[in-house]
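To begin, one chain is listed below as structure tokens, in the form predicted on its own.
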Amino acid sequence: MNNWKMLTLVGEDRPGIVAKVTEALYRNGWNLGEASMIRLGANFSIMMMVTGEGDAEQILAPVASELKLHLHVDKITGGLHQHRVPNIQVRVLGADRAGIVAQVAGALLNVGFNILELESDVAGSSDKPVYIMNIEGYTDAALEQVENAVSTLGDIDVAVSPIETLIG
């Protein structure tokens, strides 16, 4: 079956979102592929690859309406098992300010680093916010090249480490 869709649902966080969305898909014969589901602020966000017959938007519209979720469906190409495994992790910590993500992502791009996953949070207090970011990605560049690329970013602490992966 190569009828892949990317579902995106966003709304206020509440219990039951994952259960009700995945139950509706399962009940209608849809299969779940890769997924990312996370709380961001007071909201919950779901992105998932699904495949099945029929209209995914029509299947999920009642659930989205009940839970007050915004639903978006895109037809996508590709399937499972078609991505690189991350080999480097980058951890960032610093006083929250505009431009941190752009600055780090730009430095990583300069060494051919492909960001595969990025998570961030703002900790501390409203008068002293601290930005925390964890990035996993892939590059053929040596670890030292990645370290050098992010070493000149100024007022943020950046730690680079290899990701040891055992496959097989």
Partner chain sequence: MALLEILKVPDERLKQASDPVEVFDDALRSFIDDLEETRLAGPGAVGIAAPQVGRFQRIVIVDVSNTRKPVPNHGYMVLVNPEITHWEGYEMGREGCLSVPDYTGNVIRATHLEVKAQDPRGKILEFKMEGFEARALQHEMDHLEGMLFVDRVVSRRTDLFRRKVYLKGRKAIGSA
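Note that the structure is predicted; figures quoted are calculated from it, not measured. Residue numbers count along the first chain shown, from 1.
The form predicted together with the partner chain is left out here; the points below concern that form.
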Of these, 72, 83, 97, 75, which has a heavy atom no more than 4.5 Å from the partner chain in the predicted bound form?
-> 83
With heavy atoms only and a cut-off of 4.5 Å, decide whether residue 102 touches the partner chain in the predicted bound form.
-> no
Taking 4.5 angstroms as the cut-off for heavy atoms, does residue 158 touch the partner chain in the predicted bound form?
-> yes
Is there a heavy atom of residue 23 lying 4.5 Å or less from a heavy atom of the partner chain in the predicted bound form?
-> no
Determine whether any heavy atom of residue 13 comes within 4.5 Å of a heavy atom of the partner chain in the predicted bound form, and answer yes or no.
-> no
Determine which one of 42 to 50, 114 to 122, 25 to 33, 57 to 65 lies within 4.5 Å of the partner chain in the predicted bound form, judging by heavy atom distances; exactly one does.
-> 114 to 122
